[in-house]
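We begin with a single chain expressed as structure tokens, specifically the form predicted alone.
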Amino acid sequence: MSKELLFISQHWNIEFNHAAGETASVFFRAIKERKEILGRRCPACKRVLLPPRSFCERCFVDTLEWVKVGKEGTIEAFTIVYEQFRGLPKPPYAIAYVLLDGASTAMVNFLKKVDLNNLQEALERIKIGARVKVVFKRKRRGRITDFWYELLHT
């Protein structure tokens, strides 16, 4: 009897709605209605958590205070994608973890308005420590994709 594993190809297309929860609802509503990005401050360690969380994963205490963070920040990590992934934009595109001014934790989003067709030229512009600004869509739906990052001083 063969012990070779069989692989079975399947396709699932499941659409569902789920509650965003109290914390995420406030966060996404602020983006949609006021073009604001809000974090939550931990009462114990004083970090401003972004995206906001209802509790601090370091101190294990509830976070209650909302903090409006800045619309500029610093790239802490990034990647440039040249291969297609299902459900994501057509490459090339860049994604960056950005520490927004006033926040203690970085938040990921797309980095736009950079020519990515030449990797070397892109890497001369996109760097750890580079400053970026938040740019909001004109029509927002209350989603993380309602804004993106753009390099400052380019």
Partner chain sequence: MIQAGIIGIGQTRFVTRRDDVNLGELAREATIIALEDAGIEFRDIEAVVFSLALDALEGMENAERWCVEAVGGCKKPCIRVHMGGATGGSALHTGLFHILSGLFNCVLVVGAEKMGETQDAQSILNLIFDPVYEREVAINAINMCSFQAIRHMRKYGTTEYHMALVAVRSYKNALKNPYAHIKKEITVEDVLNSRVICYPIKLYDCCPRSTGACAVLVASSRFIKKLGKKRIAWISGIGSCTNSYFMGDRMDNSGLNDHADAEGLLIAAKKAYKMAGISDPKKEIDVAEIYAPFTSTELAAVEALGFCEKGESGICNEKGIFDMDGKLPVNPSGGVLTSNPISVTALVRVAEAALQVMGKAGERQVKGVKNAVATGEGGSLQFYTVTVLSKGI
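Residue numbers count along the first chain shown, from 1. Keep in mind it's a predicted model, so treat the numbers as computed, not measured.
Below, we refer to the form predicted in complex with its partner chain, which is not included among the displayed structures.
- Of the heavy atoms in G102, none are within 4.5 Å of its partner chain in the model of the complex.
- Contact annotation: R131 falls outside 4.5 Å of its partner chain in the model of the complex, judged by heavy atom distances.
- Taking the partner from the other structure, its partner chain in the model of the complex has no heavy atom within 4.5 Å of any heavy atom of R138.
- Mapping the unseen interface onto this chain, K68 falls outside it, with no heavy atom inside 4.5 Å of its partner chain in the model of the complex.
- Of the candidates E57, D115, E33, E124, E57 is the one whose heavy atoms come within 4.5 Å of its partner chain in the model of the complex; the others do not.
- Residues E76, A77, F78, T79, I80, V81, Y82, E83, F85, R86, L88, P89, Y93, I95 are the members of 65-96 with a non-hydrogen atom no more than 4.5 angstroms from its partner chain in the model of the complex.
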